[in-house]
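Next up: just one chain, as structure tokens, the form predicted alone.
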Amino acid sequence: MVNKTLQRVRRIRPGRLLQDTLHGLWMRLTLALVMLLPVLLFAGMYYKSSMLLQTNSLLELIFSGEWKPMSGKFGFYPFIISSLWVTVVALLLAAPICLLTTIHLTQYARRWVLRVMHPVIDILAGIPSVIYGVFGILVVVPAIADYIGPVFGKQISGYSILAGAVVLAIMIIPFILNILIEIFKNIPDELAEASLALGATKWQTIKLVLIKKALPGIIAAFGLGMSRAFGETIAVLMVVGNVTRVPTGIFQPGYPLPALIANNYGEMLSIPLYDSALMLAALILFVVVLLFNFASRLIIIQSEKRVA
């Protein structure tokens, strides 16, 4: 049997071996290109921002709150803090909604409900961000100004960190929800059946067995959602207020990094130092998103060890 197999292998045409070699080569090249993309992006942004870094220290730029481009003062601290405020509040709003909705759809609802919800979630994920921005201007901003703000004793215009976070939360809900649904659907049914057979209630099974099993995936979904939220531009730009100062609360206006780049980049290309500053803002945004991803990956690894 082994000899016959060897004879068949020897009869393979040289052209087939050449095709296999070429296919393997281009697949390795595309893999290398994908792996090089982040490096090339980082190198390009660092090169463009090097002019500003030659005249200012990085720590001074990051922790300075003074933004006066025409005077050569570029402090990114207000923009970084605004981005963190909007992103964290959006995730705090979206996370429980996504998790509870996923549990209901996968554990309690009838199958047809999930089949109906899948296209609805896909439609929400595919809506352009500017539409969410318009929704924020028409609904979220007036609601904060007329109802939510007065409840907390705040007389505000509505353009605030909270408005940006609400719009951003609505935008990332379908993104996180899709991931969580797939995670819960891939949990073996035997785990829930074994828990129920031992006398646990439905909710105890979900809380102590299914969520524990899905914990690494849940962390990954929230980490990806946070990365997506941190870099969102147009919708947040339209409702967050775009005021250059360090926000100290959710009812104050902010100015996230993506909004800074989108608002100024096209107009300031003719000013080299300003152009370099905006590229540095993009580089900071890129690095922060990478840090989010690395941190979530470390948390996932630790969670998997505990579950195992």
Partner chain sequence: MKWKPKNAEEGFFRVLMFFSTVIIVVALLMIIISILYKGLPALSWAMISQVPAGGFYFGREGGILNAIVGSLYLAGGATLLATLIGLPLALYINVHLVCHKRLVNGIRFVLDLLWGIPSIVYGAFGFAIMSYFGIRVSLLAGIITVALLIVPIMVRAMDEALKVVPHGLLESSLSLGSTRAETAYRVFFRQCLPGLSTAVLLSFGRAIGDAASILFTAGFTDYIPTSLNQPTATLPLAIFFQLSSPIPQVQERAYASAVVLVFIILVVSILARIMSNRYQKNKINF
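Positions refer to the first chain, counted from 1. Take the two forms, superpose them, and find the largest set of C-alpha atoms that agree within 1.5 Å; that set is the rigid core. Everything quoted here is computed from the prediction, not taken from an experiment.
Another form, the form predicted together with its partner chain, is not on view; read the next lines as being about it.
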Requested in this report: Find out whether any non-hydrogen atom of residue 128 is located within 4.5 angstroms of its partner chain in the predicted complex, and reply yes or no.
Outcome: yes
**Report entry** Contact label in the predicted complex: residue 231 to its partner chain, heavy atom within 4.5 Å
**Finding:** yes
Query - its partner chain contact in the predicted complex: residue 68, any heavy atom under 4.5 Å - result: no
Requested in this report: Answer for residue 146 alone: is it within 4.5 Å of its partner chain in the predicted complex, judged on heavy atom distances?
Outcome: no
**Report entry** Every residue of 31, 135 and 238 near its partner chain in the predicted complex, heavy atom within 4.5 Å
**Finding:** yes
Query raised in the report: Among 83-91, 68-76, 148-156, 169-177, which stretch has residues whose heavy atoms lie within 4.5 Å of its partner chain in the predicted complex?
Result: 169-177
Query raised in the report: Can you pick the one in 273, 243, 62, 37 that has a heavy atom within 4.5 Å of its partner chain in the predicted complex?
Result: 37
Requested in this report: At a 4.5 angstroms cut-off on non-hydrogen atoms, which residues of 36-52 are near its partner chain in the predicted complex? List them in order.
Outcome: 37, 38, 40, 41, 44, 45, 47, 48
Query raised in the report: Any chance the CA of residue 69 moves 2 angstroms or more between the shown form and the other one, core superposed?
Result: no
Query raised in the report: Would you say residue 249 moves its Cα by 2 Å or more between the shown form and the other one, aligning on the core?
Result: no
Query raised in the report: So the C-alpha spacing of residue 129 and residue 297 changes by 3 Å or more in the predicted complex; is that change toward closer or farther than shown?
Result: closer
